[in-house]
Structure formats: structure tokens, C-alpha cells
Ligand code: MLC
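Just the one chain here, laid out as C-alpha cells, in the form predicted on its own.
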């Protein structure tokens, strides 16, 4: 695979945020839980609770053991101080020893939440922290969903038509095509590739792989974006449980776990500026910070969970993490699509989004980056079934919020 070195990415206007181990305490992911994805007819808070109960069950821990909770707000039914609402609803509050945080960095939220949970553990403030997200956007009417989604990233002085988010990403895709020669077919192959990944996951919404022809022929949403190139709207919940190694040792915990060894965050504008250039992107700096903190590089990573709400996001992500050189992400996608043409392709040869990503697994608004973490956990603990990358030891997970507005990256390692 073509590789670049993202650890040399130059910092510009983004202030990097990292995780650290000031007291020598390690943070372990010890449990993951999900609900089904689809049109579920349940409230977001209900989906959050179900996912959290399953994550605690996998970790073998009771709810009362939690002394930290990080929640990502929903679009369908947002609450003031979402984490406080959920903690109160579940009986975690009132308790004086519980720290709760509500985090809203858009689709980056679950990774930002994981990094925040890691900091709480590293600082010795918490022993066991849950990070949870859930939404029910497919239960909203199409009109109501578009109304709410358009409000999130609309430039008050701009002219992006509805749907605002697809048109915003489309502007960036067109710029990438003009600047680096990325082709329309390479963008469409992102959806093809993700659908082939999803076909191996029993819980994914997309069960039959797309063809290039079917993607290009699907209804146009924006000039170079079709319906099958948009994150697949769904209801669903997901949660993870993060615990300190000190606590796990005290209780004699022996279940499989994954260590958070590095992280980084960076920010860009909420919506594309009038003139698009490299300064609007934030994933490169978040990746560089995460690699530097973990003292690793792209060659040390076995699985990549990359945000792919639209093809251009995936193309930019494979460049940012170093799988492809700047401007070569589209060609890399084309090569991966060629590798997966036969049904017996090897996951080790295409170690990206083996669950299918937002384009094919399903996208309950700000939940999907959590699926990246959960798939990484499955890969690193040898529980990915037909998707398993042999002897996977390390993973990089990335979440993107807004229109390249927030980037959060975490690097995980098998314990």
C-alpha cells in the first residue's frame, strides 16, 4: 500500500488536544454494546440505555460500578445536559462520586468521548466510565430530518441549498477533483467498497453489495453525490465501557480488553469557507498528534475505523492517516475496490471499516464513530468472525463532525 508519513503534518490554526498518563494509569476498553440498526421506533434515550446495559454485560460489571458517564446528544430528541438526563434517568444520579459529561463535536463525539473518558481515568478521577450515543433519525419524517439537519451546518450568509450537509461535502469533493484529479468513479467506489464490507457483518443494514453502475445511477442529491453515497440514515445506540488497569487488577478482571495508547483532536470551520483549501481540514493534525503520542506510525496499525459519511470524507481520511499520499486517496479506494472484486477477499488486504462504515452499516446521526471503536475492539480481541484481520494488534479510529469541522482520533492496542 502507498503510505505517507502523517506524523510530519504541519500544525496551522488547530490547537491539538491529547490524552496522557500522568499517574501511570492505563485506560482499557472492557465492554461494548449495540442495539440493532434500522427503523426501531424507540426513543434515543431508550436506545442509549439498552446499548449501555449490553456494554456493561460484556464487561461483566454492574451499573453501580460506573463513576463516570459521557453522553453524546441526539438529533431526534435532544436534552439539555444529555449526560445528566441519562444518568438521572438510570439512577446514577444523585450520587456524589459520579462525574458526567455531555459532549457535542458532531460525528466526532464518540471518539471525543472516548478520549475524555480516558483522561478521567488517567487523572484518577474515575475508575469506570461509560461513553454512550443513540439516535432515532430514521423515525423522523424526511421533512423533519432535513429541517433539523440543515440547521446544524448552515452558513447564515451562504447559499448552500438543502440538503445542506450533502451539498457542503459535495463542494469539497468537487474541489478535490479539480485539485488532485480524483475522479467521479473513485468517489462512487467508496460506496461500493463499504457495501462489500457490510455484506460480511450480520448486523449491517446493507446486505447486498452495490455495483459502480448502481451507485452512479442512484438519485442525485448534489452535483457529484448520489443517494447511495450518503450515510445510511438509521436508528440505533452504541456504548463502550472504559476502566483503569488499577481497578481491573483490584477486581481480578480477566476478560479481553483494549488499551487507549494515543489520541488527538483538531478543529476546522463549521461549514466550508468561500475559498476551499487545505487549511479547512483537521483530520491530518488530529492523526499526527495521535501517532506522536502513541509513538507509532501508519505501518504499526492493523485496522482503521475511518469516518465515511460521504465519499470525500473517506478519501481524505485514508490520506490523513497515511494509507495514501495527499491527493492519492481516490486511487487507493480504486485499488481496494479491485482487491474486493471476488467474494474470497482477505480482510488483511483491505483493513478499513470491515463493518461497512456509515455508507453501508448504518448511520444513526452521531453514533457511527462508536461503531468504528466497537469494530476495532472486535478485531483486536479476535471476535470479528469472517471479517477478522489475522493477529490484529493495533487500531486507529477516527470521527468527523460537521463538514470537516471536528476531528478526533484514538489509537488502540490489544492488552
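All figures in this text were calculated on a predicted structure; none of them were measured in a lab. Positions refer to the first chain, counted from 1.
One more form of this protein, predicted together with this ligand, exists but is not displayed; see below.
The candidate spot formed by 163, 227 and 400 lies fully in contact with this ligand in the predicted bound form, as each residue has a heavy atom within 4.5 Å of it. Mapping the unseen interface onto this chain, residue 276 falls outside it, with no heavy atom inside 4.5 Å of this ligand in the predicted bound form. In the predicted bound form, no heavy atom of residue 101 sits within 4.5 Å of this ligand. The shortest heavy atom separation between residue 267 and this ligand in the predicted bound form exceeds 4.5 Å. Proximity of residue 371 to this ligand in the predicted bound form falls outside the 4.5 Å heavy atom cutoff. Of the residues given (206, 244, 186, 74), 206 alone sits with a heavy atom within 4.5 Å of this ligand in the predicted bound form. A single residue from the set 119, 201, 316, 233 has any heavy atom within 4.5 angstroms of this ligand in the predicted bound form; that residue is 233.
Contact with this ligand, judged by heavy atoms within 4.5 Å in the predicted bound form, is confined among 378-386, 359-367, 53-61, 346-354 to 359-367. Contacts with this ligand in the predicted bound form, taken as any heavy atom within 4.5 Å, map within 141-156 to 142, 145, 146.
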